[in-house]
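The chain that follows stands alone, in the form predicted alone, written as structure tokens.
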């Protein structure tokens, strides 16, 4: 809770329902807890440095005087500064309820030394909030997050109330992937529109009744929660001021379980992007432990249960593995591709941008699961590495090696030499940011030993190949394809458009077919990265971890039950958030016209009349009888929509 006296003293600004994002945010939970944890940790470090310097000072006169007299003077000065810092931090830790640390941070009624120390210690936390958080004000019935939506943000309820519940899909304006009526398809072919991006604007009426259009601060409303509540689901759960929600889902970039709707007349929320949640977890170990505990309790057992090697384990055994599992994070959030063709430079780039998770040849002491992100699986080849595969969310590595060690010990080999120890056969590197779950081999062995009856058969062993064939496997064309897909980050795609340049004649039948079913405007550009004899065209790849969904204020862009990312044109407000988030530039903003070909306009956030924009992208011809139209229209089988994970299949088609 906020200390009323402190809040008044700090004059937290709330004028016209607009809160200023500034240092006053630090008085809110969980930031107060973060500050408290940080100061306690800082105090321990300061005291450690102080003691080391005392010891150092005691030894200096004997071994270095008189030559190091200046060093002794500087050390004593440093010691005095340290002691002053220890006193201040110790005072703040013991009296944190008085918010003196925040007063010092803001320079209110404190000494200059205290102000400088507080600025130094708390500036990183405020910097995270300033870069990755924003204040949102929403009215009653506003939808904050939507169920089944990939989480991109976490929210802290600063004022007001909300409730969590499951609602009917139609309340969120989501459409099922059903085929369009036959008469609509017939009209589309026989009477094509003479205008590009024509819309029947009458259908926007229903959406406009429940949409508050304010650019990127827009939101959807559910006026009648009783009517929208999904029958047979749990009763709505009330959320009070100070509650943080969506942080675990944002960290993992996984779907929300429930829809959050504002129930008070007005609610003020701190919206924190997933990048900010990750940095907050790094800033405060306690916050990270809280998130990890939530993940272990609610999501990790379900992930373990899906692993074939763990089938047959009971609930308590899965919970035990979830308890002993170690959660680690690797890599950065920056989007970097590896484009150097020089092998030495390329290896250096990979080593710098893709942190090592597992090194080939190391002792296999754990099995890892990919919790979020992607990882490169490679093998040493000369002085470099060759990619063999990549791991994505839910994939695992190390079972084969760990099971080999377990079987060896079960045979009670009398003398286990260094050569008998199980070792990893591949190197695993983080591609971008990667969160992993590491289960120690000894714990896995205990669980499997206690559950022998349900232990699955031995993991298939790769057939032993002569050295010459192994060499051929490493330099296989599939490896070259993998290197390209991983380096350019195309591994996100599940329906990537590939064009075989040896077969393509440039007839543009694919483009015309796409335009004919999409308002006379094709949803892709026959242009893109080329590698060997094929091209990755600029078309939505239907990413398995779609970043374009992050931050859509009305939930207009979402992943349907078929795994296709689609845009509901009715509630798209044209804010371009999705287009900005797409790292492949595969979403275009277009101006629309009405049934008579007249431009459609809307008011911007300043009240000016501007052309109405809508986001458009490839939707895999959802609703069409035969799809995708581009692939079916190609007379030379030069265009395919492929899952990048099926590299062998792609290689065979390109051959």
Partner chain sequence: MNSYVVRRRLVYLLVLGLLLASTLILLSLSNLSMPSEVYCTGWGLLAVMGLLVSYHWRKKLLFLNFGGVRYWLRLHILFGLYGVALFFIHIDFSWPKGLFNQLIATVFLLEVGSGMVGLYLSRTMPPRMTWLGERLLYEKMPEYYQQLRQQAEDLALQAAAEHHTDTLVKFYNRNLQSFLLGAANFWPHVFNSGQVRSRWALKFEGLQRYLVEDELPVVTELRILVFRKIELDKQYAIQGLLRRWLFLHIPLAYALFIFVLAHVMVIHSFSGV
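Just so you know, these numbers come straight off a predicted model, no measurement behind them. Numbering follows the first chain given and starts at 1.
Same protein, other form: the form predicted in complex with its partner chain, not shown, and the subject of what follows.
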Given the stretches 391-399, 499-507, 434-442, 237-245, which is the single one in contact with its partner chain in the model of the complex, using a heavy atom cutoff of 4.5 Å? 499-507
Among the candidates 309, 537, 513, 481, the residue which, in the model of the complex, approaches its partner chain to within 4.5 Å (heavy atoms): 513
Which residue, 256, 253, 526, 136, has a heavy atom that falls within 4.5 Å of its partner chain in the model of the complex? 526
Would residue 648 show up as a contact with its partner chain in the model of the complex if we use heavy atoms at 4.5 Å? no
Whether residue 637 contacts its partner chain in the model of the complex should be assessed with a 4.5 Å heavy atom distance threshold; does it? yes
Does residue 316 reach its partner chain in the model of the complex if we count a contact as any heavy atom within 4.5 Å? no
I'd like to check something about residue 530: if you look in the model of the complex, is any of its heavy atoms closer than or equal to 4.5 Å to a heavy atom of its partner chain? yes
Within 626-646, the residues that have a heavy atom no more than 4.5 Å from its partner chain in the model of the complex: 626, 627, 629, 631, 632, 633, 634, 635, 636, 637, 640
